[in-house]
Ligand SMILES: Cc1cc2nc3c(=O)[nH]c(=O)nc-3n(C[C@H](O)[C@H](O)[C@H](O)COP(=O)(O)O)c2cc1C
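There is one chain below, alone, in structure tokens, taken in the form predicted on its own.
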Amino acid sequence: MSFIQSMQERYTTKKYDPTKKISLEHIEELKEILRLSPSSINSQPWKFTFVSNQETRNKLAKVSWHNTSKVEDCDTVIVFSRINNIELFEKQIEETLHPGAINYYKEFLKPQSEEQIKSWFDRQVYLALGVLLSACAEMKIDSTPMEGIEPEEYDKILGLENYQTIVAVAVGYRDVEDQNQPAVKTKSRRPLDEVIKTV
């Protein structure tokens, strides 16, 4: 199947079948795919936490607003966090990036406010989110990106230090009665000529 077919068939899953599990091999592939995700200047200001443990997912479910059942019933919740300690980030890039990338950071990003720098970190995390959703579509794994969560509570439950939860993704396999799947509910997208301009 082509990638475009995978994208045509992917959708935001609303109801998961808790009896269907993702293979360990596929989970490990998703971890490596996230590790390989692109980021500006190869900054990688992130951490990805895979939560398969049911007890922990139940705790997260209680602070996931309308996403409670998805968090409880999916196979794994992947929590996307951005580094929340600029000093630690600067130490990280000094140790791992080439001088050109470090100089770019120092010249264009470091002079900005802390809020602006962290907003830039957030945008890198969302690049990885797009990669993950696309990978899941290609691997026939269902997924649900979730901003409807309580990030500070996620941080406490997962014991995150120096990182802050931005978004989470439930992954697993759909319940056959999920009313949001394309076979039941036609995928809704704006026409091509309204969203694409060719020059």
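Residue numbers run from 1 along the displayed sequence. The shown structure was predicted, so the numbers you read here are calculated from the model rather than taken from an experiment.
What follows is about the form predicted together with the ligand, which we do not show.
* Pick the stretch from 46-54, 33-41, 61-69, 152-160 whose residues have a heavy atom within 4.5 Å of the ligand in the predicted bound form. => Among the listed stretches, the partner-contacting one is 61-69.
* Asked: For M146, is any heavy atom within 4.5 Å of the ligand in the predicted bound form, or not?
  -> M146: yes, in contact with the ligand in the predicted bound form.
* Please check if K187 has a heavy atom lying within 4.5 Å of any heavy atom of the ligand in the predicted bound form. => Result yes; K187 sits at the interface with the ligand in the predicted bound form.
* Asked: Is there any non-hydrogen atom of K14 lying within 4.5 Å of the ligand in the predicted bound form?
  -> Yes, contact at 4.5 Å.
* Asked: Is there a heavy atom of A128 no more than 4.5 Å from a heavy atom of the ligand in the predicted bound form?
  -> Residue-level check for A128: no, no contact with the ligand.
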